[in-house]
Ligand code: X2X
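Consider the single chain below, provided in structure tokens and representing the form predicted on its own.
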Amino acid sequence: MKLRTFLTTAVAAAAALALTAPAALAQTAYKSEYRMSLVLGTAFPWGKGGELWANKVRERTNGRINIKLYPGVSLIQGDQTREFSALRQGVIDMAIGSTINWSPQVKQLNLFSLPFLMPDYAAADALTQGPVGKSLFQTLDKAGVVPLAWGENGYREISNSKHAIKTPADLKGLKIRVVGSPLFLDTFTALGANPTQMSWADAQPAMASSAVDGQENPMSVYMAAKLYTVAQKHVTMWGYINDPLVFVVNKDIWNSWTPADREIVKQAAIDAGKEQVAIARKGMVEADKPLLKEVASHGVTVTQLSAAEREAFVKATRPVVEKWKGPIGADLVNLAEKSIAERKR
């Protein structure tokens, strides 16, 4: 009888251990610190999103998951186009990355860089929050990362040190700093500019020394970086592309966490993403666009295009859209155009 009781107790203990072992193993495998890669620091909406995500995760896991921010893509020596590959390889644990920077590795992300595809914020939301966003998350998952939420760097406007830009002809010969994307090179070449590829770390000194004439970035970046101090005295609001951000985690890291903690990290990303988008759009979505008034207060000429003026840029870059439909995927581009046409304004 004693032997039977002992065996019963032993079996029950073994069963209990088997049930708890995965969670226990996952817990012991947790790192003391997880490295989050960001292009921009917390002075910018992009970096603020990283800070929000890290803080929410730390609070909601009671410190089990501790995240440290690495802005300036410092984990890969500032080369933002290498970020996605480094994330897949485990050099980076998690990131909030730009669809532009990751598009060389995931060609479907070039969708967001098609010039003049998204005429307003409602169009951008129709893509990230609709079937296009879901499709791209599936693509990213197959590419080797775990996508969790969308953020936003914002609509990219153009600035330069020479003159106001109102027509494609005004871009002729201007040296414009762009990120390392072939689609960007095609777009600015089509407009008659001289696109010059360089990292963000190199861009500001290049503008200060007049090595380049201009750049294109969201106005939140323009202001946080004080680009009006490096001769960028002419800004044109043309909204030619919107740059969504993606909150992602390395797959091995994701699998090392318990299911409960994965859900916490995912929800924290969704919540941080919504807050980050609101921060990125602040000053631009209000009727009087106070951010543009602040820009002008620094002696900057702000040019806002009429519908007809914008259409001239649309026509000039249409061949670029047609060229890139195939590499991106015609079905995905068609779905995007359909989602935008049906958007709620």
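Counting begins at 1, following the sequence as shown. Please read all numbers here as calculations on a predicted model, not as lab measurements.
One more form of this protein, predicted in complex with the ligand, exists but is not displayed; see below.
No member of the trio Ser37, Ser85 and Val145 reaches the ligand in the predicted bound form with any non-hydrogen atom inside 4.5 Å. Interface residue remark: Tyr121 is not counted as part of the site for the ligand in the predicted bound form, having no heavy atom within 4.5 Å. Contact between Trp200 and the ligand in the predicted bound form is found at the 4.5 Å heavy atom cutoff. Although the partner is absent here, Ser98 is a contact residue: one of its heavy atoms lies within 4.5 angstroms of the ligand in the predicted bound form. In the predicted bound form, the ligand sits within 4.5 Å of a heavy atom belonging to Val179. Checked against the ligand in the predicted bound form, the candidates Asn250, Gln80, Ser103, Thr128 yield a single residue with a heavy atom inside 4.5 Å, and that residue is Gln80. For the options Gln232, Asn242, Asn217, Thr236, the residue carrying a heavy atom within 4.5 angstroms of the ligand in the predicted bound form is Asn217. Only one segment in the set 137 to 145, 150 to 158, 265 to 273, 185 to 193 has residues whose heavy atoms sit within 4.5 Å of the ligand in the predicted bound form; it is 150 to 158.
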